[in-house]
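Here's a solo chain for you in structure tokens, the form predicted on its own.
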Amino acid sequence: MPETAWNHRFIDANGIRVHYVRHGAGTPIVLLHGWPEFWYTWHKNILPLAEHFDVIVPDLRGFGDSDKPELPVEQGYGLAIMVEDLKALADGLGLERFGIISHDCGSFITRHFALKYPQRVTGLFFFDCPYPGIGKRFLDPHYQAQCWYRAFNQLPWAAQMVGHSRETCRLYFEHFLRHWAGTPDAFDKQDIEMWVDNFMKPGNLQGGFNWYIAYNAIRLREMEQGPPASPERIRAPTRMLWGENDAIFKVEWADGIDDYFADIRLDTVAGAGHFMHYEMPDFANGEIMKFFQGL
């Protein structure tokens, strides 16, 4: 789709300039991307959903065309401030209540937002959901070959190395897009170049890597201590789809999800990998529509 077909907009929210794409009308839903992504990861979903909803798709701080504030990482890119980014975005757009669709690191933000501001949420839809119940299983020796990037992304020279050229940037992100997808051809050459274009923009590599630096203390605590004994449960109606071929968030790790969500329906999806919304857009869009139209 030509670039001019998208409704690109900006808003000042929580002290930064947030880029977002907005289409449609009616019940508002906000789509939150993960890593290594930006708003464009939802481009197969936006227009079909916009036939039924007011669809708002921001770039998280540090990503895409949203600001990358020059602040200490823990202060400027932590989970708590990203939760407030989402609230400020909703406030600025006049959204009293809205649905949230997310996956990967967007899911972290969604969970914490729903716990802190439950009155703002109509429903939640997740494609996979990293949650504290995974706990020490992140330390499984057989899993370490998958998660090495979390440590690499925190190295002070990682962005310089990956961004050395378009070729090095392409090698890095093509690995994740093809390896984490359910099928290696889910992202074609044009898709890959869109990702390279995005992450070669000034600050975008480090902006995305800052997520891993800022969240690392929480991740280590969950791995060292395991899940909390009595977690607070999210009350909002929740729908979750988990790809059976998701290499980075293993489907069997969803076994404790009921401890964190009071009203949830979870289904696993054969053949789907980490990017189900991108790999199976027609199926994903249909499930999103059925869920939110049924609330």
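Note that residue numbering follows the sequence shown and begins at 1. Note that the structure is predicted; figures quoted are calculated from it, not measured.
As for the form predicted in complex with a further copy of the same chain, it is not shown, yet the points below apply to it.
Just to confirm, residue 164 within 4.5 Å of a further copy of the same chain in the model of the complex by heavy atoms? Yes, residue 164 lies within 4.5 Å of a further copy of the same chain in the model of the complex.
Give a yes or no for residue 75: in the model of the complex, does one of its heavy atoms lie within 4.5 Å of a heavy atom belonging to a further copy of the same chain? Looking in the model of the complex, residue contacts with a further copy of the same chain do not include residue 75, since no heavy atom lies within 4.5 Å.
Distance check, residue 183 to a further copy of the same chain in the model of the complex, heavy atom within 4.5 Å: The answer is no: residue 183 has no heavy atom within 4.5 Å of a further copy of the same chain.
Looking at the partner-bound form in the model of the complex, is residue 189 within 4.5 Å of a further copy of the same chain by any heavy atom? Close contact is absent here: in the model of the complex, residue 189 is far from a further copy of the same chain, nothing within 4.5 Å, heavy atoms only.
Within 4.5 angstroms, counting heavy atoms, which one of the listed stretches 104 to 112, 79 to 87, 145 to 153, 118 to 126 is next to a further copy of the same chain in the model of the complex? Looking at the other structure, the answer is 145 to 153.
Select from 255 to 293 the residues with a non-hydrogen atom within 4.5 Å of a further copy of the same chain in the model of the complex and write them out in sequence order. None of them.
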